[in-house]
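Given next, in structure tokens, is a single chain: the form predicted alone.
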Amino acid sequence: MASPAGGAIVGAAETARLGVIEDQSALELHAEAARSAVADAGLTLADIDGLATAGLPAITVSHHLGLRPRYLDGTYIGGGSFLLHLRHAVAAIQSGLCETVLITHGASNRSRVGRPPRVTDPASPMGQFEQPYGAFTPPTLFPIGVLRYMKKYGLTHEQLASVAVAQRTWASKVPRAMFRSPITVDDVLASRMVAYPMRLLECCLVTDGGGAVVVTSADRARTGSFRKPPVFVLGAGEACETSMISTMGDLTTSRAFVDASTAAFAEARLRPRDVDHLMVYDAFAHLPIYALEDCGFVARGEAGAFIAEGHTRPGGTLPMNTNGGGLSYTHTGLYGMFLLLEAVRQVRGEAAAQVPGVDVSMVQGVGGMFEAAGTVILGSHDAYAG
């Protein structure tokens, strides 16, 4: 695959509403976000010759929008799929398969408009070896390694709760965030237990909504023919480990996080110290802790204290999840698109809780429950010295 360096995001948008949307299906949310992102780029749907999506078949979305794409990508690894779509889109553009790729997301995960009940295939590895023992929903599966991490590294419940507190602090500055009222560590610890050790405020929201981005070549983006400043793809990586969280090689670290982020930094020729802004998929409060360590921002066992000390909050040394994250902003089940969109806003300088001087933003996504990962590093310029 060609290096992602050489691509740029030139359009980005979310649906007008997030949260509870009872009058739009997932397909309608895909379409709304797609049209808004294309308009954000100053283009029309006729300019789109590539389409990538997850959650719904790319063919369904393409037909609904009236597209005639030369390139299709339906890669699905879970919530981080869109980061892989971005990497693939840039490679496809570089290879001459297409010129302009639209990546879309829409989900009616809360209102469940037209959605069937969730069913796990009983013949799948998870259906055979995890679900029969009562582990069959994200709250019972995703935090499986947290107790091992706490025992090994001394992470406290208070430090784990500080993740939710930090992200609510950001959300309080974002008008579109679903939950904006400030909370304390005591508030988090007082919220009801969902699946030990995760309490309610340490679990992601369940919402409806959508988003989309438009991708083209860096050369074309540099021409200045688009409505907004381009956000360049400096590097990207993808990786996987296992289809069952219970068979991870080490429950205190995500090998997929390590491999994907290592590849992205190598392609961007950057290091963690070069990152001005970080977005991490936070289905549960422990994911940012794992990501900070697996991606090389802090040493093993230090992430809990790093967050509790305020380094990821407004004014901190590493602003993280500045929209409030999946814990406070929104979480449609496939939250990775919103990571990308907030990173784009920060690099453009138009975020609701804007961090000064964001030239490099890193996005760390997860696929399933530590099954896979995608990493993207974005920048305001297309070349940096690492």
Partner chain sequence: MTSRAAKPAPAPTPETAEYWRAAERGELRLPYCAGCDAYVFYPRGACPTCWSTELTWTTLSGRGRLHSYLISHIAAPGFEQDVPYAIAIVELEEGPRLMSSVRGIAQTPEALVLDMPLVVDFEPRGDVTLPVFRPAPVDARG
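Residue numbers count along the first chain shown, from 1. Predicted model, so just to flag it, every value in this text is computed and none were measured.
Heads up, the form predicted in complex with its partner chain isn't pictured, but that's what we're talking about next.
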{"property": "Any non-hydrogen atom of G249 within 4.5 angstroms of its partner chain in the predicted complex", "result": "yes"}
{"property": "R148 within 4.5 Å of its partner chain in the predicted complex, heavy atoms", "result": "yes"}
{"property": "Its partner chain contact at P182 in the predicted complex, heavy atom, 4.5 Å", "result": "no"}
{"property": "Proximity of S111 to its partner chain in the predicted complex, heavy atoms at 4.5 Å", "result": "no"}
{"property": "Selected contact from A263, V298, A308, M244, since only one has a non-hydrogen atom within 4.5 angstroms of its partner chain in the predicted complex", "result": "M244"}
{"property": "Of L72, V174, A239, A135, the one that lies within 4.5 Å of its partner chain in the predicted complex (heavy atoms)", "result": "A135"}
{"property": "Which of 121-129, 158-166, 266-274, 213-221 sits within 4.5 Å of its partner chain in the predicted complex, heavy atom basis", "result": "121-129"}
{"property": "Residues in 175-196 with any heavy atom within 4.5 Å of its partner chain in the predicted complex", "result": "M193, V194, A195, Y196"}
